[in-house]
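Only one chain is shown below, in structure tokens, and it's the form predicted alone.
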Amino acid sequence: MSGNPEPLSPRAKLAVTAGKAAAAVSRAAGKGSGSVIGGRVALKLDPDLLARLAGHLDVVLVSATNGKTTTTRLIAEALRASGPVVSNALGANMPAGITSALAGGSDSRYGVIEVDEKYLAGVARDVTPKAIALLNLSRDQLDRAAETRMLAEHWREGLSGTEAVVIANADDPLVAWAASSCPTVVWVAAGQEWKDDAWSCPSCGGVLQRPGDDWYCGDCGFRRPPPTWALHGDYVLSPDGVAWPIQLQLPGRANKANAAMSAAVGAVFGVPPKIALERMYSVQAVAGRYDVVTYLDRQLRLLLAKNPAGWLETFSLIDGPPAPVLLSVNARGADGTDTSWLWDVDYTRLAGHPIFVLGDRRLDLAVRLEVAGLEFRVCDDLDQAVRAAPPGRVEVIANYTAFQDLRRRIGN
């Protein structure tokens, strides 16, 4: 619960100071923001530091396979209508990164925290959130995060009995099953474009039936919960039946869904939908995502896609043919080292686009595109790809570390 923060113990103060010093050294060495190493140092000195730093905050946790960072940013903008917010805006979403972010929030009223799916239950135990937003679950980094049904079960068991208000996407069966163990749930019909991880019932393993927007299991009776909030085109319907217009600078249906979830979260904290949605309009880009930059005298739009569901959404955002498309894929630790997910992406949707391929795993991607029957060119680096691209804005789609590599090269 929000209030004046209690003074930190000498040990906690030392941990915060040491963490900030480690982060500063990391930044000076050109190793990134330093938030992760800073948090690791701080937690090593005081393992309970995360709970101490969150003690005075009204916290909302945001978790999902896709859309976490953007939704965290939208919620933070909405809650700023009621008071100062501290947030891990750069997406460092494991305990170390979260600890670094909260170390700068002594004067804040709210904590809006993105949390990696695997760590959600543990972070929730530490920070005692007022609200938890659960957006979606789909295959991603199977070498690290495990199968989606197992992850949903981890959420279900870890959040069972939580005192937080859980705001959950009723259209995702895995999310609905995970959240149904929680005492207080606000259901939002936010949609589900990628359904390939949700054809079997998470409760009994039977086949889910999907008539229209509904879904249910004919074997055990588990079914889509009735939503009280709903995304309807360019509007979000609130529980009182009012249709509130969604006006965003961020593109695509997925971001309208993120805004609908964010409006429902804002209402839990007393922010009216009108005010929450108006404040979301100010968000133009999120940690470089959706930015349009000039590089080598060409316009590039930067788009992040980390898994099959994310690529599906991203393909719906890009300009139509003959807009050139640059694809970059790595398989480092932060991406997941297993690239088999490339075969789950329908790359035929890029037919007609001039395609340029780069990144550490460009040859893996090249094989996938060849099997899909697409024409493409493999490039050694960004400069070569941009110079080879025909006229028009270049749509750049990259997974996580490839995206960061490109931002550093561009100077974004």
Partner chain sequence: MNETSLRLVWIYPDLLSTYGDQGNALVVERRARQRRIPVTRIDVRSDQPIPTSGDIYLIGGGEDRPQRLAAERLRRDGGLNRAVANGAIVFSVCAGYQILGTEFINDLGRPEPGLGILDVKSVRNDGDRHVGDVLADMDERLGLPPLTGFENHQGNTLIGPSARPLARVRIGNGNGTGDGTEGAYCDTVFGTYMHGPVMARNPLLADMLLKLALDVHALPRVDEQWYEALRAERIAHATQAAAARS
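Numbering follows the first chain given and starts at 1. None of the values given here were measured: they were computed from a predicted structure.
A second form of this protein, the form predicted together with its partner chain, is not displayed here; the remarks below concern that form.
Across the options 74-82, 309-317, 337-345, 128-136, residues that bring heavy atoms within 4.5 Å of its partner chain in the model of the complex belong to 337-345. Only one of S238, Q192, T162, S203 comes within 4.5 Å of its partner chain in the model of the complex through a heavy atom, and that residue is S203. Checking S282, Q299, Q209, Q247 against its partner chain in the model of the complex, a heavy atom within 4.5 Å turns up for just one residue: Q209. Put simply, D381 is far from its partner chain in the model of the complex: not one heavy atom of it is within 4.5 Å. D364 belongs to the set of residues with a heavy atom inside 4.5 Å of its partner chain in the model of the complex.
When contacts are judged by a 4.5 Å heavy atom cut-off, S181 does not count as touching its partner chain in the model of the complex. Taking the partner from elsewhere, T148 is found to have a heavy atom lying within 4.5 Å of its partner chain in the model of the complex. Shown without its partner, the chain has E370, V371, G373, F376, V378 in segment 369-386 as residues with a non-hydrogen atom within 4.5 angstroms of its partner chain in the model of the complex.
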